[in-house]
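For reference, the chain that follows is the form predicted alone, supplied as structure tokens.
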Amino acid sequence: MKVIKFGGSSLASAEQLTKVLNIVKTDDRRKFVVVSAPGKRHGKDTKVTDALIAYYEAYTSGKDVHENQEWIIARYQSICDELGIPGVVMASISEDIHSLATLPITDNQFLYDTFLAAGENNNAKLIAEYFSENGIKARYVHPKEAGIIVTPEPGNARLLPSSYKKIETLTHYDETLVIPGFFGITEDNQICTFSRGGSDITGSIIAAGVHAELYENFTDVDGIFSAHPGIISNPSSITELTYKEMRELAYAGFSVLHDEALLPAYRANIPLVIKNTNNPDHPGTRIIANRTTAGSPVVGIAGDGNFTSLNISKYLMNREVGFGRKVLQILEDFNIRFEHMPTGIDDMSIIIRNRYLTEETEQHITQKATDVLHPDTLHFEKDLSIIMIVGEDMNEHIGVTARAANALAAAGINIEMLSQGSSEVSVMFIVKTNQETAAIKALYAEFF
């Protein structure tokens, strides 16, 4: 059996759904279909998820929501009309969209998640009906019925390990199951979403739960490239990646696959392939536990901006027992997670994503850190980007980091910080954001 997931661009219109139908029909092993909400039909279009966010904001601020409701319903209706899907499914979708505006607002921490999940949930209903009308014996399965029981963490749900026993029972169904991605159900029966883009996570969870032979993730590109095609013209395509390599690349800006989606499939040792809905015959990029062919020292280069560094200096810091723990405790007190922590004997830098910081939070951290740590200097450095060169075979080649550093120096790019983990899967360079694009181009020219 195979699990197949389709992203929003693959489900944006009747034309795209026709391609999806043909893809599922070509392989009767594709028994589990995980779907996103309809994406953009063209550059100026609105994703259904974004429309649901606007609907939520109007509802919670007491504004009239009629226009929001009608736009979302009309979006599904247009797909049904073009595909000739019977009106019974639209009645269910319309009722569901309208019912969102009857939910309690106060003391309802799951309200936002419930609004957002409606995009995937209603699309799954529509697609199951479309399949059934066109020769595929299909069944819509709500995440509760599928057994996707999650922690009560709005916007950041995690699957409860006990869920896998229930998910495994999905193999007993005779039909092709259409399952909405992006959300699960808490033990208290509340809708709770994974982080944004979490339909990839649902697909991976289902693949692990049913012990699939393959998890196919269909999107709008021919697999994964060695660098962002918006920066590098015609970059090399990657035919095979390891899970560790993909994790590093996804973390550092490769948005083709949600980085959290790798874990369930990785633990269950299930191969994953990234394929193109618009070019399904292309082999795509296969992601596996262990490489079957020898790789280059660097298989991919990724960059991501919007980072800030908290820089702390204190003479004889290395002799002070518990100094690092105190720093991390301060961040924990403000519910802030860190990404990286390059250190020296008297210096420490904590790399944090900008979205976790506000001007007020920075002031509070500075004050508390000053009171607790008594540093010589402490300041925030903004406008930083992370550049990763990634490759599991890097440890078998001497001088990879030197080549990268020389390439950056030749391009006039200053390395603010450098870090390499013990696994030697990647080397991370931190540069100023205004040099991110130039850094990626210089490294690509060096290694490709």
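None of these values were measured; they are calculated from a predicted model. Residue numbers run from 1 along the displayed sequence.
One more form of this protein exists, namely the form predicted together with another copy of the chain; it is left out here, but the text below deals with it.
Is there a heavy atom of residue 200 no more than 4.5 Å from a heavy atom of another copy of the chain in the model of the complex? Looking in the model of the complex, residue contacts with another copy of the chain do not include residue 200, since no heavy atom lies within 4.5 Å.
Taking the shortest heavy atom distance, is residue 144 within 4.5 Å of another copy of the chain in the model of the complex? Heavy-atom contact with another copy of the chain at 4.5 Å: absent for residue 144.
Do residue 415 and another copy of the chain come within 4.5 Å of each other in the model of the complex, heavy atoms counted? Residue 415 belongs to the contact set for another copy of the chain.
Contact flag, residue 248 vs another copy of the chain in the model of the complex, heavy atom cut 4.5 Å: Flag for residue 248 set to yes.
Can you say which of 227-235, 74-82, 164-172, 254-262 gets within 4.5 Å of another copy of the chain in the model of the complex, counting heavy atoms only? Going through the listed ranges, the match is 254-262.
Whether 152, 268 and 291 all lie within 4.5 angstroms of another copy of the chain in the model of the complex by heavy atom: Answer is no for this spot.
Check each of 342, 297, 305, 280 and return the one that places a heavy atom within 4.5 angstroms of another copy of the chain in the model of the complex. By the 4.5 Å criterion, the partner-contacting residue is 342.
Counting non-hydrogen atoms within 4.5 angstroms of another copy of the chain in the model of the complex, say which of 60, 401, 69, 46 makes the cut. That would be 401.
Could you pull out the residues of 365-389 that have any heavy atom within 4.5 Å of another copy of the chain in the model of the complex? The stretch 365-389, when checked against another copy of the chain in the model of the complex, contributes 376, 388 at the 4.5 Å heavy-atom cut-off.
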